[in-house]
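Given next, in structure tokens, is a single chain: the form predicted on its own.
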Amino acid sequence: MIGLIGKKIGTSRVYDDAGNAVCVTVIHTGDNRVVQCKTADGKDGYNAVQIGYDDQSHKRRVTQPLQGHFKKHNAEATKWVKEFRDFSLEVQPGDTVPVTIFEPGDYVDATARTKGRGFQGVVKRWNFAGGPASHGQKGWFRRPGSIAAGSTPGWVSKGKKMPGHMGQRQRTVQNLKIVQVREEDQLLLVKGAIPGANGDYVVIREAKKKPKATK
């Protein structure tokens, strides 16, 4: 299982060999440097590779535990650190993982946080229909209606769809196809939409359901 950390630049459109327009999301991968390698034989007890992305120019903005972690492994402080289990590429601490580990035609899973929408009602948050606009009703156009029984059981069930904070949830989109890999610009052009706003961090992994070995 291979992967990279990147930053969502935005969306664009490119043309394939047949002249068809393909909508893509542009991901800048930059320098993905290996911070630490964990092995099953070591004290960690499992195989993993820890990768850092996006250099942090002001080290005081890094928490003290992370400062000690970077110092211990002689690594530069980064804004984002991610661990990849069972990394199939042979790397050592200090190595740079290039964007070329992926090729056009590969399938990936993209993980990011969705855009924050603030506090929203049930109509926007859960697509409720709202109340009727006739028969003399007033002030019930965008309300949820009854949420529980008045007597037995007398409480609101857990997980009830209610107004609240919308967005800012980690989501993964699976089986996205890589259209282009631009090594000189360190860019990945991925077909389809990826969660998050422009500038948000994105984790790109080899697709679990469509790994390279079975393509």
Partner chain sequence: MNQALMDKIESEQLRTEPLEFNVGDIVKVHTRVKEGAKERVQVFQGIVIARRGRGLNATFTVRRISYGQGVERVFPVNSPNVEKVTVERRGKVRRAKLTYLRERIGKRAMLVKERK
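Numbering follows the first chain given and starts at 1. Here the structure is a predicted model, which means the values were calculated and not measured.
Separately, the form predicted together with its partner chain exists; it is not shown, and the next lines address it.
Per-stretch contact check against its partner chain in the model of the complex, the hit in 152 to 160, 40 to 48, 186 to 194, 61 to 69 (non-hydrogen atom, 4.5 angstroms):
Among the listed stretches, the partner-contacting one is 186 to 194.
Find out whether any non-hydrogen atom of R182 is located within 4.5 angstroms of its partner chain in the model of the complex, and reply yes or no.
Because a heavy atom of R182 falls inside 4.5 Å of its partner chain in the model of the complex, the answer is yes.
Does at least one non-hydrogen atom of H28 fall within 4.5 angstroms of its partner chain in the model of the complex?
Contact with its partner chain, yes.
Although the partner isn't part of this model, could you tell me whether A207 comes within 4.5 Å of its partner chain in the model of the complex, counting any heavy atom of the residue?
Close contact is absent here: in the model of the complex, A207 is far from its partner chain, nothing within 4.5 Å, heavy atoms only.
Report whether the minimum heavy atom distance between I9 and its partner chain in the model of the complex is within 4.5 Å.
I9: yes, in contact with its partner chain in the model of the complex.
Within 4.5 Å of its partner chain in the model of the complex, counting any non-hydrogen atom, which residues from 2 to 22 show up?
Going through 2 to 22 in order - heavy atoms within 4.5 Å of its partner chain in the model of the complex - the hits are I9, G10, T11, S12, R13, V14, Y15, A18, G19.
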